[in-house]
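Just one chain follows, in the form predicted on its own, and it is written as structure tokens.
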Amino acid sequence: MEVPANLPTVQPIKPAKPKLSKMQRSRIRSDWAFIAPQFIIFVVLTIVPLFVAIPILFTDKAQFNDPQVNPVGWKNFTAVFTERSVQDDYLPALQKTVIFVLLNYTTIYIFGLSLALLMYEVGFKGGFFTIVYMPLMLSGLATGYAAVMLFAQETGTGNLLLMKAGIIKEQINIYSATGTAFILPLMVGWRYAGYNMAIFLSGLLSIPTETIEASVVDGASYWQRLFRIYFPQMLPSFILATTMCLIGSFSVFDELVALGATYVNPEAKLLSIIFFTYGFQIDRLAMGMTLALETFVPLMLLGILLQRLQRRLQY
């Protein structure tokens, strides 16, 4: 059957855009007003400096006020693979940072998840939550200096108590490789215990109570409920905690300064200290910024992958 050529073509009807009500428009304006101060600060102090710094990466700029700057092309980007002095600084710091990330990730569950389960099951109210959250109000420097005093040789209260209890036979030297690797994650994990507890507690509170009540009726033990009901539905919270752990572990700085990373304790020289050293102590600003960017890009890609995975697993 032939179709006449002169038939008019039917144009698809575009769905009309839903009109926002006055209340919805007012709510959108309120939301933007709420986030505007933080958004402006983030753009001015983070995004703008990032774009301003890009041309510096291709120079030999030594300081911010360096009057003589020469272009070096991609030399700064390849230095970590070709320049021995940069490798000797960057690679050991990277190794220590990775170890710290793994240990710090463990403390997230030791402190944060345990406290969240305790809050969820026992039902402690505001006072307990405030006490757990209080260490986050302390500065990193204060926390680091407190750790140095607790584990000071001869007079450190932490050392004396652990020896008195028979847990250790020799005093912990906080400036040694073992001491720094052991105390730093515990210190950071204790400080952020309340923050991580809030992340896990939000995941627990999102679990439908009907599923928990049904498992109790079916006779499931607490451990069965934990691994078959709680944890599977808390996966988005686990991924969020992982993302925040990566960000926090690679950006930890104040605690390292308190532990003597810039003068007496080379074991505390993580990547953040290397970036600071290159930028402000040995006058290789462009190199320090380049190393920071080379570390930032893989972390950003990993963060994007974790965020997408979190959205996919969101209940």
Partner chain sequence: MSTQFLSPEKIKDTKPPVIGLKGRRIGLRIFATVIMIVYSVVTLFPFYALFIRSFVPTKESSELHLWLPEVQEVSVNQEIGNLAVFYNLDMKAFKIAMGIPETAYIPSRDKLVDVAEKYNLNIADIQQYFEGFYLYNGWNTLFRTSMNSQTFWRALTRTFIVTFFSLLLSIILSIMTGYGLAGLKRKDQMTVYNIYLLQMVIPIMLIILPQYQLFQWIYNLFPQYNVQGSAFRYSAQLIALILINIKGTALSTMIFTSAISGIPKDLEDSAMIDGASRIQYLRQILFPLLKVPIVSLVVIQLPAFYNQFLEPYVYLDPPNSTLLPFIQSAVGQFSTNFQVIYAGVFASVVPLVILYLVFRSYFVEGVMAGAIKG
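Residue numbers count along the first chain shown, from 1. Only a predicted model underlies this, so the values are computations on that prediction, with no experimental measurement involved. In this text, the rigid core denotes the largest set of C-alpha atoms whose superposition between the two forms falls within 1.5 Å.
Keep in mind that the form predicted in complex with the partner chain is not shown, yet the notes after this line are about it.
Partner contact for residue 77 in the predicted complex: the partner chain, 4.5 angstroms, heavy atom
So residue 77 does not count as contacting the partner chain.
**Message:** Does any part of residue 106 reach within 4.5 Å of the partner chain in the predicted complex? Heavy atoms only, please.
**Reply:** Judged by the heavy-atom cut-off of 4.5 Å, residue 106 is well away from the partner chain in the predicted complex.
So in the predicted complex, does residue 169 come within 4.5 Å of the partner chain, heavy atom to heavy atom? So residue 169 does not count as contacting the partner chain.
In the predicted complex, does residue 164 come within 4.5 Å of the partner chain, counting heavy atoms only?
Answer yes; at least one heavy atom of residue 164 falls within 4.5 Å of the partner chain in the predicted complex.
| said: Just to confirm the contact call: exactly one of 188 to 196, 81 to 89, 94 to 102, 226 to 234 touches the partner chain in the predicted complex at a 4.5 Å heavy atom cutoff, so which is it? | reply: Of the stretches listed, the one contacting the partner is 188 to 196.
Honest question, do 180, 266 and 313 all end up within 4.5 Å of the partner chain in the predicted complex by heavy atom distance? Not a single residue of the candidate spot has a heavy atom within 4.5 Å of the partner chain in the predicted complex.
Which listed residue (214, 207, 160, 72) meets the criterion of a heavy atom within 4.5 Å of the partner chain in the predicted complex?
-> Only one listed residue qualifies here, and that residue is 160.
Can you name the residues of 241 to 267 that have a non-hydrogen atom within 4.5 angstroms of the partner chain in the predicted complex? Heavy-atom contacts within 4.5 Å come from 243, 244, 247, 251, 253, 254, 257, 263.
Does residue 64 shift between this form and the one not shown by 2 angstroms or more at the C-alpha, the core having been superposed? Comparing the forms between this form and the one not shown, which are aligned on their rigid core, residue 64 does not shift its C-alpha by 2 Å or more.
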